[in-house]
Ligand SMILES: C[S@@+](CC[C@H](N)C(=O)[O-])C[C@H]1O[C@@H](n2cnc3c(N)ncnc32)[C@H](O)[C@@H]1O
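Encoded as structure tokens, the following chain is the form predicted alone, with no partner shown.
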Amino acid sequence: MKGLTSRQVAVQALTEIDRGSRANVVLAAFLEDQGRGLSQRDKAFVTELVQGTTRMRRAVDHLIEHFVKRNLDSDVLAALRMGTYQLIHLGTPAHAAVNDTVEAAPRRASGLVNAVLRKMVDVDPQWPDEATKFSYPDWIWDLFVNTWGAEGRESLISMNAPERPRPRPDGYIQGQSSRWVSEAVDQASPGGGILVDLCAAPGGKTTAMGPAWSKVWANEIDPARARSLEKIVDSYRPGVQVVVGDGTKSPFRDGCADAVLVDAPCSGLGALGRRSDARWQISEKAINRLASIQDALLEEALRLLAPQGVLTYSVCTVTQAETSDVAESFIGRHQEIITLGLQGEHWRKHHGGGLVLPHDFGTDGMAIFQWKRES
């Protein structure tokens, strides 16, 4: 039986994502199953089509709406979105974008897809606003611009061309700003000792730590993610002990750790490039809820920290609520901690901590704060 083409696999994946499934999970599953007969080059093309079309959904929908005034089935809409993305954003030659997309579209709608995409070839896009042009929800666009001004705009634009991280020396693929967090943990505690990573999955930061640590505990609340974490540490840092537990109520004893990392769950608004569907899933209301969880995690981390131990707080977001507000509230509650300076010119100074905006180095946005417990 003839295998599916790259565009057919992409249309099927996009249809599943439109129904609410997570893009990265769907893409991995479809490449493993439907795409098993594809070359590595074709698999990379499927990835570009799926991630790019998902990322630019608002922009392509705006253009499609000029030609289609009725609701479409998910698979038909997926084909139109993919074809429009190729024509407008990917620069695919018109004959390939149109003909090959029509071939990948549901047969019942091939005429519609053909007609719309042939009209799309000659479109000179007119955008009502920059949030539509660069394909973000209004609230995310406004939040970045209101917080960071012109740099917020540059950050949003940069996340539409996300980082393609190179493998670490051990082969693990990890973004640069995440590596900088692990480096900061090592630099703040050159003597090593016992390290607790309180929110460890998927394991990139845990396995990137230097060799000085005599013991590393990796805590994860979700059992399924903990099982995946175990596979990662077995491959990249054998000896790390994985623990399944709520990071706000961990099983560790008081003062057991020389260092604690809280790489906290957050809105992920600094990582919207590599998480193509996240901009459509996160809600503005979630930020305050997440800040409350971050507060609780820091309190638990401080309980675990021995005198002279170092606590590191990091989030892959750049909102004030989840970075400086959380940090300043924590400092205000605890006189027994002092703020540490950060090494590395990549960190912007940010309310006693450090920050990388996505456009600074073409990485994920990341914020970090470090404190030492004096007593």
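Numbers follow the displayed sequence, beginning with 1. The structure presented is a predicted model; accordingly, all values stated were derived computationally and were not measured.
There is another form of this protein, the form predicted in complex with this ligand, and it is not shown here; the text below is about that form.
- Here the chain stands by itself, but in the model of the complex one stretch of 117-125, 154-162, 81-89, 191-199, 191-199, has heavy atoms within 4.5 Å of this ligand.
- Of the residues given (Pro106, Pro265, Gly255, Pro137), Pro265 alone sits with a heavy atom within 4.5 Å of this ligand in the model of the complex.
- A heavy atom within 4.5 Å of this ligand in the model of the complex is found for one listed residue only; from Leu297, Leu143, Leu77, Ala291, this is Leu297.
- This ligand is not drawn, but in the model of the complex it has a heavy atom within 4.5 Å of Arg225.
- This ligand in the model of the complex is approached by Asn219, whose closest heavy atom lies within 4.5 angstroms of it.
- Residue contact with this ligand in the model of the complex: Arg279 places no heavy atom within 4.5 Å of it.
- Looking at Gly175, you'd find every heavy atom of it more than 4.5 angstroms from this ligand in the model of the complex.
- Residues of 227-249 lying near this ligand in the model of the complex, listed in sequence order, are Gly245, Asp246, Gly247, Thr248, the criterion being any heavy atom within 4.5 Å.
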